[in-house]
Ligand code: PEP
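Below you will find one chain, with nothing else, as structure tokens; this is the form predicted on its own, and questions on how it binds or moves follow later.
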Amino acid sequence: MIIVLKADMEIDAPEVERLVELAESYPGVRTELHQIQGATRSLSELYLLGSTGVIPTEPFEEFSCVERVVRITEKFRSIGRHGGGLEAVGFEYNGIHIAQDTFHVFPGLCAVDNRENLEAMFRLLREHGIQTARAGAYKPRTSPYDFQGLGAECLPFVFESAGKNDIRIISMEVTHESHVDEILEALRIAGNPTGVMIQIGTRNAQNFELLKSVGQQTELPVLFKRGMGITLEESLNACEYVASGGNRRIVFCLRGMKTNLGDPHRNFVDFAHVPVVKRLTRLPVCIDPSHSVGSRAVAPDGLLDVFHVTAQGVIAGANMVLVDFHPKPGEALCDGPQALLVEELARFLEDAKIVREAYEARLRRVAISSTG
């Protein structure tokens, strides 16, 4: 059971203390107070943990500090909407608002290979007014002999270049809890010129110890990628490990499923789950068309498959697009065949803008019909 407090209620108010006392008076019930900081408002919620199925809601609804009482209907209690009873407020990080009603494109290098390519990419993003990017320093690979990323040695010049080019958030994968400390230390030494969204890759989607560790830090938001060969519910429950640790600034990323049913694409595109995730959870939803398609294949209409797949996710309401670009894809040390060319960035952004506007037009039609 979750009790949502009214927006203007301080969590240390006497009435809230009485609310907690009532909740803990029931046998086997303990409570946790959580605050969710959105971009325009914050939510305070009291979690009742234990055997709450037989506890009535009426005694709690009588408190003037209570906005509503919601019964838990999903295993993923922290991130879930629970039948629409809980609000998705999103979050703000380093001046960027990310929520279920916003839209951002994160273009960049799947893996940073050298300073020259990184700076060329970030300069291009600045020219197009893009303040969000991807740049991988740590890369888990299928083969132990493949390029594993430059690691901590590239962080100083990555953060320096991001600051010079007004990149506000970099999505960066981590594969070990020590990487979080390395990122935070490098940001501190650099003077915090940018922000980092920690990325949990699909290979670590059920690395529960890593998820717990990432969830216990609240300085950096988290991008959680769906597991490549597990169900959506399993991925959402894994994502709950992050939220249950205390970090509620999470984006859920769809990146395609590992199955030969998707051939000749690298993965089976699962972007029809964008509205499903938004309905089941309070999380903003990201799509990764690059790792879904895995190539630069061109459709008969002249558009790349990556463009078409991106459109599928955006028209369904995706809030974020994580997409690979590289100044010299032929020389890239990781996923070069799927990277878009830098000269294609303007067209990609324009195409995404067209589709996003179409989605917003669909929403306006719904609003008109519901009021008419």
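Quick caveat: nothing in here was measured; it's all calculated off a predicted structure. The first residue of the shown sequence is 1; numbering continues from there.
The protein also exists as the form predicted together with phosphoenolpyruvate (PEP); that form is not presented, and the subsequent description refers to it.
(request) Assess the spot marked by 139, 225 and 255: is phosphoenolpyruvate (PEP) within 4.5 Å of a heavy atom from every one of these residues in the predicted bound form? (result) Checking in the predicted bound form: 139, 225 and 255 are all within 4.5 Å of phosphoenolpyruvate (PEP).
(message) Taking phosphoenolpyruvate (PEP) as it sits in the predicted bound form, is residue 173 in contact with it (heavy atom to heavy atom, 4.5 Å or less)?
(response) It does: once phosphoenolpyruvate (PEP) is placed as it appears in the predicted bound form, residue 173 has a heavy atom within 4.5 Å of it.
(message) Is residue 282 part of the interface with phosphoenolpyruvate (PEP) in the predicted bound form - any heavy atom within 4.5 Å?
(response) Outside the cut-off, so no.
(message) Can you tell me whether residue 201 touches phosphoenolpyruvate (PEP)? I mean in the predicted bound form, with a 4.5 angstroms heavy atom cut-off.
(response) Contact check for residue 201: yes, within 4.5 Å of phosphoenolpyruvate (PEP) in the predicted bound form.
(message) Please tell me whether any heavy atom belonging to residue 291 falls inside 4.5 Å of a heavy atom of phosphoenolpyruvate (PEP), as the geometry stands in the predicted bound form.
(response) Yes, residue 291 sits close enough to phosphoenolpyruvate (PEP) in the predicted bound form that at least one of its heavy atoms falls within 4.5 Å.
(message) Just to be sure I understand the contacts: of 110, 86, 197, 277, which is the one whose heavy atoms reach within 4.5 angstroms of phosphoenolpyruvate (PEP) in the predicted bound form?
(response) Exactly one listed residue reaches within 4.5 Å, namely 110.
(message) Taking 4.5 angstroms as the heavy atom distance cut-off, pick the stretch from 131-139, 88-96, 179-187, 69-77 that is near phosphoenolpyruvate (PEP) in the predicted bound form.
(response) Looking at the other structure, the answer is 131-139.
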